[in-house]
Structures are given as C-alpha cells and as structure tokens.
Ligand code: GLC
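Below you will find one chain, with nothing else, as structure tokens; this is the form predicted alone, and questions on how it binds or moves follow later.
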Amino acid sequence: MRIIPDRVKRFANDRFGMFIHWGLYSIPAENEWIRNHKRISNEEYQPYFDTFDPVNYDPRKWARLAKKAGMKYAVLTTKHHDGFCLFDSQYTDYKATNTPAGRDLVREYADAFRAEGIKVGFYYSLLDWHHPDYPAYNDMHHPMRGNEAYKDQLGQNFERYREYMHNQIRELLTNYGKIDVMWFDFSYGEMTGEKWGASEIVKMARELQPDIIIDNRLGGNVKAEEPEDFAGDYASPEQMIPVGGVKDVNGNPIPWETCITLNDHWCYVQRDKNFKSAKNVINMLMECVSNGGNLLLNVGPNAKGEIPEESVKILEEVGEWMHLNGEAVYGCGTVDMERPSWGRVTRNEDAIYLYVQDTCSEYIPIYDCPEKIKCAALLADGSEVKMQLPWNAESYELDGKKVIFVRTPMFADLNGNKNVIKLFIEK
C-alpha cells in the first residue's frame, strides 16, 4: 500500500475548496473556451485585453465569502488557455498590469485569501493560444487549428515555449509567498508528461515550495503502483463524483478531488442561471467526503470582478450549514459499511456522522456498523438522539445483518441545517 505524505493528508482533511475561473473571457461572458469554439485569432481577441478593467475587484470579499462558506483553500486561474496572465510576469506583455486594470491581480488574491486563513492555490494552463511558439495548425485544441495561414508555423520552437512556461511557473512559486496547491491543466494526446518537461516542473516546485500539493494533469498515471514523479499527489475528476472513490491498480484508495461548477459553466456566463441550490452543493460535498474525496466548487466572477449574486447567496447558505455541521466534513472520510438509502455516512477517529437526506420512517437503520456506538446526538445543537429498536422490529427479517436503529428527531429539518446525527464511538 502506498504511503500518503502528511502534506497530502492535510489537504485531504480540508475537503472543501473554491475554484475561481476569471480572465479576459469574462468580458464576452460566453465560455472560457470561446477562442477555441469560435476560432478567434489573437487579433480578434485583442479588444478584450484593451478593455479589461475589473473596477470592482476586491479579493477580500471573495476570501471572506469562501471563509463564510466553510472553504479551506482556493485555486485561481493565474493563466488560462488563452495565455492571458493575471499576474505580473516578466516574460510576457500579455498580462493584467498592461491592461486598464494596471494591477497584479494574483498578488492581491494571494494576500487576501492568506489573510483570511485560507490556503492559496494557483491554476496554470499548460496550453497557451497566444504564445507564438505554441503549436497551432496541427493542434487539436488551438483556435487556429487547420487554418492555412498558420501552416507555415509548423517549425515553431516548442523548446522556447517550454522554457517560457517553466519560467512563469517559477515566478508563481517564488514571488507570492507560500503556495499550497498547484493546479496544472491539462495534458492531451502527445502533449503530456515530459513533453511539458514535467519531471523538471515537479522538481522545481518541490524545491521552491516543499509542502505544495500538485494535481495529476501534467500526465502520468496517478493510479499506478509506482506512479511517475510527475503523476501528481491526487486524482482530479471533473463534473462528476466517483462512487466508491478513486483507487489505484491494487484497489487501494488514493486522494482525489473533483471540481464542479456552481451553474453550467466555469467562467461567468451572463445567460446561465441554472445554479445548483445550497442543498445540492451540500449533497455533493457529503457525497465526496463519504467516498474519501474533496470538492473544489467553482465560481465565475464577472468582468468587473464581482462574484454573481446568485453564487454569493448559495455559498452563504452552505456556510450556515457548515457552521453547524462542518465537523462531519473536515478530517472525515469513508466508513466501511453498507451505503445507506437515506443519506451518506462519514467518520473520523472519534465519531461516525449520519447525513440524513431523506427518510420515509421514524427510524433509520444502520447496517454492519464497524464500531460499537455508545450514544448519539444531533450535531447542530448537541441534543440527544435515541438509539433503540422499534418495538416490533424483531418480528421482521433483517437478513442476518448487524443493525442499529436510530430514531430520527421529530424536529430535524431535513431540508435545512439539522440533518446530521453524530454517533460517538466507544473506545
């Protein structure tokens, strides 16, 4: 069984983070892949650079919202596929400090989130549709793929682009204090692993930031018995939650984090009002934790630098639940018992937590509980919850399973914040 480093265990214990997709694409407000989808050239995209001016950008508000929601870490898109840098890189002019914004927006983000006690993460795209040495004509994702005007660029100097990329990663890991998470995106086709100089990137990152956590999108096989040095510290599924968690080739659980949007897009899309409810978010979070994973929940600020009101309201509601029930999330993981129909179960060393999503009777059964339970209480207020066998339960077949019946409190608000029961483990 592989040994999980302490820094990765600490990351896993945090369980809940904020993903932030923000950049020039917030102006057209259609999709962060708009250049790819509409085959937009650098020249056609330039007006967004010339007018980028997030006059209401205040990362302290973002950080306070994340903290209020119960999030323990955050990841910001320092550079997305379009190549635009929110940070003041000395290796390009295509950066926020040269727009009307005139500011290093990453520095302000890092300072603000760190001040609120939230761990700082950087997203960095390995792709770059603006850089002249990034493959265009024959690339499967580049906006200018198949464009005859770019056919003569097949002799581009990719080594020069790779040096550029490594230099920018070094800047991010050197100039902004302690960085907790490095979130690379993404490998595809032959553009993977050592094509990026992945081993060198990881070596540099570990030297500059010894406690940093790195995702698995540089390439490699994070599920292998002996993963490559660049395979990452954890798996990163997207827009889905793997039932049973993520396991290596030998069936052993490995750390993982899923990233999921709050509506249907990663960046701000003005027309997209299909937001998940706070209850949906809490359900997703408990699904992740009960399967041994983290949830990185995305928000997309608008061109002015504001997180949409709908997102703010949802996260504030999630925060109310987390204030009362976060104990069932932080530092918790899977339980070796049957997956219940009425909700999800998490545990730490001292307790097992029953997240009751729905119940059709006064009692909920817990089959094959791995621990001896001494008592139970409603997590929200500490009030006692009775564990007792319904008076006629013995008259009915229980399939020979060890079963505990917990009486659901009549005052439990299954649509609100009083829906977690704490089972105290007898030592």
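So that there is no doubt, residue numbering starts at 1 and follows the sequence shown. In this text the structure is predicted, and so the values were computed from the model without any measurement.
Missing here is the form predicted together with the named molecule; even so, the following discussion is about that form.
In the predicted bound form, Cys259 approaches the named molecule with a heavy atom inside 4.5 Å. In the predicted bound form, the named molecule lies farther than 4.5 Å from every heavy atom of His142. Contact annotation: Asp185 falls within 4.5 Å of the named molecule in the predicted bound form, judged by heavy atom distances. Proximity of Phe49 to the named molecule in the predicted bound form falls outside the 4.5 Å heavy atom cutoff. With the partner omitted here, the stretch from 59-67, 41-49, 28-36, 374-382 that lies within 4.5 Å of the named molecule by heavy atoms in the predicted bound form is 28-36.
With the partner omitted here, the residue from Lys72, His130, His80, Lys95 that has a non-hydrogen atom within 4.5 angstroms of the named molecule in the predicted bound form is His80. The listed set Tyr234, Trp321, Trp196, Tyr123 contains one residue whose heavy atoms approach the named molecule in the predicted bound form to within 4.5 Å, identified as Tyr123. Annotation for 232-267: interface residues with the named molecule in the predicted bound form are Glu238, Cys259, Trp266 [heavy atom within 4.5 Å].
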